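Below you will find one chain, with nothing else, as C-alpha cells; this is the form predicted on its own, and questions on how it binds or moves follow later.
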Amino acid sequence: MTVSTLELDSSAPRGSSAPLRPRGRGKDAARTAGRLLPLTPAIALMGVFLAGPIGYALYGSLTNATLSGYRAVNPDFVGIDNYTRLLSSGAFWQSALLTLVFVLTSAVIGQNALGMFLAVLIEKAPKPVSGVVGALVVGAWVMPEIVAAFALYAFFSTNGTLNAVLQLFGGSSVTWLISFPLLAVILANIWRGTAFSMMVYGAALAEVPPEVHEAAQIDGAGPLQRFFRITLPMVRRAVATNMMLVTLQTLGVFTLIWVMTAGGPGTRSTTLPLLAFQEAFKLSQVGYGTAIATVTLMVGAIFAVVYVKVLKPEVD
C-alpha cells in the first residue's frame, strides 16, 4: 500500500504513534459497486434458476418425500438418513462405479481423443473432404438426443445395422444391448459427443501460427514431435476447457442410456442419473432419489475442482 493512499488519524493523541487509515475507501467501494452493477441481472438469474433449485433439492434430500400419498404433501425431515442409506447400499456403489467408467471411457478418453484426432485430420485434409467429414460428425451432435438414442438403439439391436454388417462379412450376430450394455452406451456416447470436441479443437488448431510448424519442420522435427511439443502445449487452454465441459455433460447423460438399455439388463448399465430416476419416479422415493441426484451433483463439482486445480498451472 502506498503512502499516498494513507492518512493519519486526527483523533489520535499528539506525539503518539497514530494508526494509518486508508483514504478513499468509500470511493473504492463505490467503484466496486459500479463494476458489479452490470452483473446484477446475471447474479439474480443464477440465484433464481440455479442456486434456488439446488438448495431446494438439497432440502428435499433430507426428507422422506414420496411421489404420491401423505408423504408427498407432508414429508418429514429425516436429516442425513437418506445419505446414510445410500452409502450402505450396494446398488449405489455399483452405479457410482458404472458412472465413473462411463465418464472416463466415453468422455475423458473417447470424445477428447477422437475429437482431437478428427480435428487434426480435417485440418490437413482437402476442403471437400474436411467439409463432408465435418458435416457427418456434426450431424450426430445436432440431432435431438431422443432421436439419436433411437437411432443408436436400432444400430446396436440384435437385428440392427451393426449385426447386418458383421453378417455381411461372415461374422455372427451379437446381442450388444444384452451382452455388452455398458460398451454399447459408451460407444454411443462417443459417437454422439465427439463432434463438440472436434469443433473446439478445430477452432484451437486454426489459431496455431503455421510459421511455428514450418520452423520446427526446418529444424528436423517430425509430425509427432510437432504435435506433442508444439501444437498440444499451444492449445492446452482449449483442452482444459473441453475436458471439463464434456465430463460434466456426460455425467448427466440420461436419455441415451434410458432409451438403449433402460439401465439393464438388471443394473448393468444403471448410472447415477438412472438410479436417481428409478428411485424417485418408479419406486416413489422422491427424497431418496433426490439424495442420489445431490451426490451426482457433488461428483460433478469434484470433477470441476480437480480439473481447475490440476490444469490451472498449465493454463496459466
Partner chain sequence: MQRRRIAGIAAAAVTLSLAMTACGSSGGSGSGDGDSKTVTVVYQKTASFTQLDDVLTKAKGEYESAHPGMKVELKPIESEADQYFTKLALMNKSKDTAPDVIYEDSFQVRSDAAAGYLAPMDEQLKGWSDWSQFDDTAKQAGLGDDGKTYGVSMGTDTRAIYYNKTLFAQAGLPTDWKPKTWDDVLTAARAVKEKVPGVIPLNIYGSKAGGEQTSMQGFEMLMYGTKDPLYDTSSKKWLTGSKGFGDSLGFYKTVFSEGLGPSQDVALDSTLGSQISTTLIPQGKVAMAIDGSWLPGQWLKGDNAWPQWQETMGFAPMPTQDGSAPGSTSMSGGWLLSVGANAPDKQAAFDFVSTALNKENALKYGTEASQIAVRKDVATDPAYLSYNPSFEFFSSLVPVTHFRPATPDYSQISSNIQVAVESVVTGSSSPADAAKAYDEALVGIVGKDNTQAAS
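Keep in mind that what you see is a predicted model, and the values were worked out from it rather than measured. Numbering follows the first chain given and starts at 1.
There is another form of this protein, the form predicted together with the partner chain, and it is not shown here; the text below is about that form.
Within 4.5 Å of some heavy atom of the partner chain in the predicted complex lies at least one heavy atom of S68. Under a 4.5 angstroms non-hydrogen atom cutoff, the partner chain in the predicted complex lacks M46 among its neighbouring residues. The partner chain is not shown here, and in the predicted complex it never comes within 4.5 Å of any heavy atom of T63. Remark: Q285 counts among the residues lining the partner chain in the predicted complex, judged by a heavy atom distance of 4.5 Å or less. When the partner chain is considered in the predicted complex, only one residue from A72, L166, L97, M143 comes within 4.5 Å through any heavy atom, namely A72. Interface residue among I178, L104, A154, V132, judged by heavy atoms within 4.5 Å of the partner chain in the predicted complex: I178. Residues of just one listed stretch (109 to 117, 219 to 227, 185 to 193, 205 to 213) have heavy atoms within 4.5 Å of the partner chain in the predicted complex: 205 to 213.
Residues are counted as partner-facing when one of their heavy atoms sits within 4.5 Å of the partner chain in the predicted complex; in 257 to 292 these are P265, G266, T267, Q278, F281, K282, L283, S284, Q285, in sequence order.
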